[in-house]
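A lone chain, given as structure tokens: the form predicted alone.
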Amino acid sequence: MAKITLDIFRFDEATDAVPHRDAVVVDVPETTTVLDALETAKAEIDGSISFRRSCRSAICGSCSMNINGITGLACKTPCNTVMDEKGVVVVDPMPNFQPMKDLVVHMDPFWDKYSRLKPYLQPADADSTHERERRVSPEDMKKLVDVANCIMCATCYALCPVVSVDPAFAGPAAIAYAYRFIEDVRDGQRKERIAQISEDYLWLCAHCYACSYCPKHVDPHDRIIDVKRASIKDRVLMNERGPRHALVVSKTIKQTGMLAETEVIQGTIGRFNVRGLLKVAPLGLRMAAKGKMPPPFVKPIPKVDEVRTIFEALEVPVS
């Protein structure tokens, strides 16, 4: 047994103007999980401590919280892997959410973005036209298995820096689940789903890989890339800056082996979009004043053929 100090974020939106912290000492084995330590604190010391939990088996996703600065499932996190040398475990609510009471947060923004996707099958034909259930081949199911493991714990949403600066962004979990239906051969709303998630700022993803810290190894970031590829393949909302940016970046690197920044700016904004180009002109002037202006033309690198071979092997779509 060991004495573990839980440094807990405390706040009740019904009564408190500002949050505070409480240090609660529990006598538990070092190998106990953070969730079990919180359960002990609530049962034996302070019954007002509030947090969500249910299965205690990393299945329900309810107990996601910030533990020593990293968001994850409390039921899956042993205390001895996160406590400091003094036996302290710092516990906070998930970032990117408004605290409701202690470690409980308002989940409405997360669920609203998820529900906008209509997360259920919408077949193109009626069930009555099928003699048996709708069959899916093992090969088609392989694409959906990882995403189906998502337990909607919102860990990826809490870790996403894009959500923190632009709450309009759909978030990793919603985009990953959009992929689950986009690639389901039984669904008949592929283009409509791609258009919906694109309108929910799919292309704002900064590819920082923060969402790869997923307790169920869904890796939403890879699914975000897949949805972007599907958007380009199906040519959905191709006049938006996001798809144009992706295509011009791929095109310049394939042609020269380097990123032609001048070409990327023009291709993303639009060569004939005078108003848009004028908006970025001050940035170009500041770069020129600092001697950082990219060259107008980029010559291919000596081994550009090797770069092109990589593109061809990956079948990267470039217009």
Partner chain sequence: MSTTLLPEDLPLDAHTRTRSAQTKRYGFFPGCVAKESCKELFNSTMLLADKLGIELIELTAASCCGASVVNDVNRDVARVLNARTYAQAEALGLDDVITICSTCTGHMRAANKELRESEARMDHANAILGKFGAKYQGTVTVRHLLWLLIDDIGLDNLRSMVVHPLNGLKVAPFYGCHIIRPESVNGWESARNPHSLEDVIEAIGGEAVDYAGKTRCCGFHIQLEKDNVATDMVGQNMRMAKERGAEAVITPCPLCHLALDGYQADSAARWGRTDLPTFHLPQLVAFALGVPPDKLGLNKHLIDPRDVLVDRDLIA
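Positions refer to the first chain, counted from 1. Everything numeric here is computed off the predicted structure, so don't read it as measured data. The term rigid core refers to the maximal set of C-alpha atoms that superpose within 1.5 Å between the two forms.
Below: the form predicted in complex with its partner chain, not depicted.
J.: Among the candidate residues P109, P215, P78, P161, which is the single one with a non-hydrogen atom no more than 4.5 Å from its partner chain in the model of the complex?
T.: Only one listed residue qualifies here, and that residue is P161.
J.: Between the options I49, I269, A58, V26, which residue brings a heavy atom to within 4.5 Å of its partner chain in the model of the complex?
T.: When its partner chain is considered in the model of the complex, the option within 4.5 Å is I269.
J.: Within 4.5 Å, heavy atoms only, one stretch in 244-252, 121-129, 100-108, 189-197 touches its partner chain in the model of the complex. Which?
T.: The contacting stretch here is 244-252.
J.: Consider I45 of the chain shown here, and say whether it contacts its partner chain in the model of the complex, taking contact as heavy atoms within 4.5 Å.
T.: Result no; I45 lies far from its partner chain in the model of the complex.
J.: Does its partner chain get within 4.5 angstroms of any non-hydrogen atom of K303 in the model of the complex?
T.: Because a heavy atom of K303 falls inside 4.5 Å of its partner chain in the model of the complex, the answer is yes.
J.: Would you please decide whether A14 lies within 4.5 angstroms of its partner chain in the model of the complex, comparing each non-hydrogen atom pair?
T.: Looking in the model of the complex, residue contacts with its partner chain do not include A14, since no heavy atom lies within 4.5 Å.
J.: Although the partner isn't part of this model, could you tell me whether E261 comes within 4.5 Å of its partner chain in the model of the complex, counting any heavy atom of the residue?
T.: Yes, E261 lies within 4.5 Å of its partner chain in the model of the complex.
J.: Can we say L35, V89 and K113 each have a non-hydrogen atom within 4.5 Å of its partner chain in the model of the complex?
T.: Per the other structure, none of L35, V89 and K113 touch its partner chain.
J.: For a quick check, can you give me the residues of 211-239 that have a heavy atom within 4.5 Å of its partner chain in the model of the complex?
T.: The stretch touches the partner through S212, Y213, I225, D226, K228, R229, I232.
J.: Does H20 show a Cα shift reaching 2 Å between this form and the one not shown after rigid-core superposition?
T.: Shift at H20: below 2 Å after core fit.
J.: Honestly, after the rigid core fit, is R10 moving at least 2 Å at Cα between this form and the one not shown?
T.: No, shifts by less than 2 Å.
J.: Taking the rigid core as the superposition reference, indicate whether the CA of P295 shifts 2 angstroms or more between this form and the one not shown.
T.: After core superposition, the C-alpha of P295 moves less than 2 Å between this form and the one not shown.
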